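Coming up is one lone chain in structure tokens, specifically the form predicted alone.
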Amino acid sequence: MSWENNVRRVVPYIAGEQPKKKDVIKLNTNECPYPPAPAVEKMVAQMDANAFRLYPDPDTTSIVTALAEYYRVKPSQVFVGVGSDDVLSLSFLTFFNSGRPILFPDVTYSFYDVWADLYRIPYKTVPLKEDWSIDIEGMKQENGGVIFPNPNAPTGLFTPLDKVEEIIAANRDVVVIVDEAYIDFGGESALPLLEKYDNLLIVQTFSKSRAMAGMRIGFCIGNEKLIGYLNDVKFSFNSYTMNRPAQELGALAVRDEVYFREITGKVIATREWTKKELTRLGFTFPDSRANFVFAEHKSVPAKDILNYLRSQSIFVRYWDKDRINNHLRITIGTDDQMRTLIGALEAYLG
């Protein structure tokens, strides 16, 4: 008998490509095109390297306190992890244990089915409607938990808050996770619903709107009992999940709201310009409220456009999957980057 017979095997999540060469326009991983808050840069220069020999605060007090103040909740309602992927993974492990299948859309963040397989959680995908919107009725069938992004990824489409509430209200006996990784680019957060629903968990990230993907900071907000259960699992898994620099720098980023509003406003404005230009060039797409556009050309295959753009050192995201294999997800970069993209597409499409 081989030792491999006892290996837990899963099909892993495949992250967006990180090009090794320089001088590329990287529009494939939804990173922010602007630097983090100025106070973050200043603190990096002042950090005492000697402090790194000490373990970080396992309670992540500084960043939890900053987030609680910003979102006007109790610190005991905030949980912080190493990126929202860490928060979501621990949430799957903590809350989805009924034996009934959890529900999420068929076109959505492609880590969901990976975690379900990893933790041996049964799941069922609910097909998006033809207009790419979430099937609200489909999310009301019997289940062991519900998760969906809002705005959805990779479509960028935002589900109105009354529809989000309809899903939560129909599933009071399970935990409903709303993954708001892109909420700061034009959507309305479900945070106001926390007072009404004790089964709601809202997950957000610093990787997009706070320009700190490299620091790996994610968090969730829910009622105190949910957060308590998450902490129990965390401290049974790894007490020191978040490093010292991430805690200190993350807290600084939260407190600079002026800069936060400035860079998200820039991304939104550039996104709207890009949508008009893509429409002019014959692309169609859902009405994105994220920092990307999910575009399909009326006559040229997505894979051909992908390969051409790569030849021009412009990277966008493509999935060879049912329903979406003729779409490209294009991250919103700076104005100059998007002008270069549009110029390249004009040259290629004639």
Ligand code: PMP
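As the structure is a computational prediction, the values presented were derived from the model and not from experiment. All residue numbers are counted from 1 along the displayed sequence.
The form predicted together with the named molecule exists for this protein as well; it is not shown, and the discussion that follows is about that form.
Residue contact check for I102: none of its heavy atoms lie within 4.5 Å of the named molecule in the predicted complex. The shortest heavy atom separation between P149 and the named molecule in the predicted complex is within 4.5 Å. Contact check for G144: no non-hydrogen atom falls within 4.5 Å of the named molecule in the predicted complex. Although the partner is absent here, T159 lies well away from the named molecule in the predicted complex, with no heavy atom inside 4.5 Å.
Of the residues N171, Q247, T274, T205, just one reaches the named molecule in the predicted complex with a heavy atom at 4.5 Å or closer; this is T205.
Checking L230, A153, I183, L200 against the named molecule in the predicted complex, a heavy atom within 4.5 Å turns up for just one residue: A153.
Residues within 4.5 angstroms of the named molecule in the predicted complex, judged by any non-hydrogen atom, belong to 83-91 and to none of the other stretches in 70-78, 126-134, 231-239, 83-91. Taking a 4.5 Å heavy atom cutoff to the named molecule in the predicted complex, the one contacting residue in 6-27 is Y13.
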